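Listed next as structure tokens: two forms of one protein chain, kept apart as structure 1 and structure 2.
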Structure 1
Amino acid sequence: MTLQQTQTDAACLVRPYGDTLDDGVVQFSFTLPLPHDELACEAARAVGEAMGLHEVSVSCSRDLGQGFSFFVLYGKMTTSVDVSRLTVNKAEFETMKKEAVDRFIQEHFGRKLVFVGACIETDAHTVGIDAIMNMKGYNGHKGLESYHEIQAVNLGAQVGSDEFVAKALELNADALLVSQIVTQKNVHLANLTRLVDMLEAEGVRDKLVLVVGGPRISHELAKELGYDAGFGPNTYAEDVASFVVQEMKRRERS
């Protein structure tokens, strides 16, 4: 079956591209808990076939010791995905530059907005929240501390949800920024849920814009957990600030 034959009016079928359209080439690697021998290589190939791939070839195999072997493989996909049927759940906002965010705040709110951020609960890794909040920012994108119309308070690492909520109330926060870097065994899910529960118990959830960021955070996951938005990798301060101010404006209207 060729691509043309399966295509309906609106369908947009794609498969991976190696060097020719629709060749379906994929490259992947994994470890098997098998001692390194010919049988292990055959097992690796079979894994590729079990994934639905054709023309599976093992381009590299290495002995990792202790009864483990590592493989690099190539294979070809013969099925396709229909892009027209896919939707992406992402926060709806337009990223504005720092100056535009400051202007937006002046025009629409006429006061400084208060953003409070933290790595909550057990998470000790401040790299994410620092990149968004600290003056310096990240990769040439200035952090929220540098915004004239934002009072940015970075509480740092291992801040308990109770402490975070108390600080938010004390500072009369407009937005809470939560960072979760460590996600091993899904510890972030429990941490994030705990914070939302606490905000709801205090009756302040709706008064705040609540966002979460981290390398394994998607907008979809954030919404599911009761957050207003989730930000993954390649997010800068202006993205977060733009979302927050636009969300606040939207809430004022509704």
Structure 2
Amino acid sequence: MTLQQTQTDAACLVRPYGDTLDDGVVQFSFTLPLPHDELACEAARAVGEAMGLHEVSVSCSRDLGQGFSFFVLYGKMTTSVDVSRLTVNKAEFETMKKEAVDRFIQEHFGRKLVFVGACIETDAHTVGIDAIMNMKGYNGHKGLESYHEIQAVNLGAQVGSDEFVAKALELNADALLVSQIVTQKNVHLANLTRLVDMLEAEGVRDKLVLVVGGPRISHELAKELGYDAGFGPNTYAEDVASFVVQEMKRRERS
């Protein structure tokens, strides 16, 4: 859904924009553990009403088999969100272009920096770490392997935390980049916590810039787990590289 400012208080109140400004229309989907029939459709509509929505309609439904059904619903909300009361917790840095990052490293460190990345533990989804590290990058944004002043080492998927830490020590890494795509049953929280614990046990946590990324990762969550920064969707290699080099410089000054 797209949020647009309301006509009544353009300074701070917003409500979802569906077809017309301020109509409050939202589209959402979910699965119910019910066989696909009229009762399941009515149950889906009742779920929308239980969420506080009005004029709820089932626009699409599908039989998933084995007693499960999938639904897409529309509904209207009448409440608004006061944007003036919201705060955003995000990493503070200035994104630099690839060439500017290379110059920054040359000017401030005088050597290549070592970035080691991986999808840790049971996570086998490399799309995120590859987008950041691989030469070709993603969506026209070159990955860290293309940076002249960065040695980018991508360990791939299902890398145990012990193996990850050992490689970081072997390469004398400056930064560790962790990708966590799988979050079912909050497995990513256990994985990320274990890595921090191991780095602290080795006495190297404060010597590294530790970054985690993934579709359900926020900067706030990352900080809570002991990481220096967290990046979600729409993050590119230059964002991560810019944060790391600026964080390293900040530590030198402090």
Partner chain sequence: MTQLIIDQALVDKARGSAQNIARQVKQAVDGMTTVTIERASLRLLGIDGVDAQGAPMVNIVVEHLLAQDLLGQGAVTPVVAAMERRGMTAQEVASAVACGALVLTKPDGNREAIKNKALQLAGEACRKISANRRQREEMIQRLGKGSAPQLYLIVATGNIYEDIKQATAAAHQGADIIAVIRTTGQSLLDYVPYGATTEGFGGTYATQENFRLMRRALDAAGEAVGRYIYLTNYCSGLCMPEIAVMGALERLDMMLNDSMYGIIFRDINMRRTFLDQFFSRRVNAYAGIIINTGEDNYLTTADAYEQAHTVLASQLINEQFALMSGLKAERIGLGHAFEINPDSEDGFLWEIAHAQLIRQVFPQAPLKYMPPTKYMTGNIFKGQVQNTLFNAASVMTGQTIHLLGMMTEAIHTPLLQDRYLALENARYVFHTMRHLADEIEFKPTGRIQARANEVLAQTVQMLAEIEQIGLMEAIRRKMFAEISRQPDGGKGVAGVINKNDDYYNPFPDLMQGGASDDTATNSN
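Since the structure is predicted, the reported quantities are computational estimates derived from the model, not experimental observations. FYI, numbering is relative to structure 1, first residue = 1. Each form is matched to the other, and the largest set of C-alpha atoms that superpose within 1.5 Å is called the rigid core.
Peer 1: I want to make sure I have the labels right. Is the form predicted together with the partner chain structure 1, or is it structure 2?
Peer 2: Structure 1, not 2.
Peer 1: Is it true that K76 shifts between the two structures by 2 Å or more at the Cα, once the core is aligned?
Peer 2: Yes.
Peer 1: Does the C-alpha of R45 move 2 Å or more between the two structures once the rigid core is lined up?
Peer 2: Indeed, R45 is displaced by 2 Å or more.
Peer 1: I need the hinge angle between the two structures, given as the rotation of the smaller rigid body against the larger one from C-alpha superpositions, in whole degrees.
Peer 2: Comparing the two forms, the minor rigid body swings through 14 degrees.
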